[in-house]
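As structure tokens, one chain now follows by itself in the form predicted alone.
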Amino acid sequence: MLILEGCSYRYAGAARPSLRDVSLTLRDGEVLGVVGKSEAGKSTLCLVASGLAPRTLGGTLSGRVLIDGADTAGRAMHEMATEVAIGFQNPGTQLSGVATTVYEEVAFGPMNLGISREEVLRRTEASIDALAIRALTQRDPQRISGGQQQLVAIAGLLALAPRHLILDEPTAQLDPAGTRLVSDAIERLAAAGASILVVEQKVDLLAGICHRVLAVDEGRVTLEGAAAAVLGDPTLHALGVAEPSTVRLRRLGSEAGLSGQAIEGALALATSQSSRVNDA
């Protein structure tokens, strides 16, 4: 379990905090989504939860971050990294820069954990298959597309087998097929007991995989609760967050005077067609 208690964080040289008195609990096996407009504090929340702020970024942190009940204050980043993995929106910041093939890139993280060769190979193979990047394994990770690099970076995180995973817009560069692969991998990790925090602009993705969602505005948590309740809250629009497609269709159908039965029938048809396209 990962817990933030009254956390506020100010970057070095900044006039005011980017995160203000944030408390949250991320339980084992839970996927927690985070939404908010640009500069709301979402990425800062990820940096604090992962331990990168203030350890590698400097700045000032108040409050407590606890991992599995233990206060992380004073712990070195390399110790934190064995328990919490973080993925960034730009895969270029995630890749090692030393691996010459995608296979080596995915294996790079677990190789540095000091585990057995057999376990490194098992994790690498499983992560490659989970993200469907087998065809890329002998390619240079610096010479593939941004979307492919994103899948490779996430595969590298999966190979670490983290108990706690922080993802900052992991599907930003991915098409619907790639997004589906990532969402499936997240669901499998959560089912195995990992706790996962996901910042995403794709609210339909969050609606499908998250148990709970919180909304952030000006560094503060303004909404928190079950995913369906928060993503369906009409006040989200004022926070710069788009409606999930099902919420938008229900609202438009109601405004057009359609019956509830007609709206739900249309939604069921749209969902069925979407599933056929994704399976294809």
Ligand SMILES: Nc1ncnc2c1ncn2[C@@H]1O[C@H](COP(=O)(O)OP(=O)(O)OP(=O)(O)O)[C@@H](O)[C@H]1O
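What you are looking at is a predicted structure, and each value in this text was computed from that prediction instead of being measured. We number the residues from 1 along the sequence you see.
One more form of this protein should be noted, the form predicted together with the named molecule, which is absent from this view; the next part is about it.
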Considering only heavy atoms, tell me if Q89 and the named molecule come within 4.5 Å of each other in the predicted bound form. yes
G33 near the named molecule in the predicted bound form, any heavy atom under 4.5 Å? no
4.5 Å heavy atom contact, V48 and the named molecule in the predicted bound form: no
Using 4.5 Å between non-hydrogen atoms, is V241 touching the named molecule in the predicted bound form? no
Heavy atom within 4.5 Å of the named molecule in the predicted bound form: which of R27, R64, K37, H211 fits that? Just give me the one. K37
Among 65-73, 241-249, 40-48, 225-233, which stretch has residues with heavy atoms no more than 4.5 Å from the named molecule in the predicted bound form? 40-48
From first to last in sequence, which residues of 1-19 have any non-hydrogen atom within 4.5 angstroms of the named molecule in the predicted bound form? Y11, A14, S18
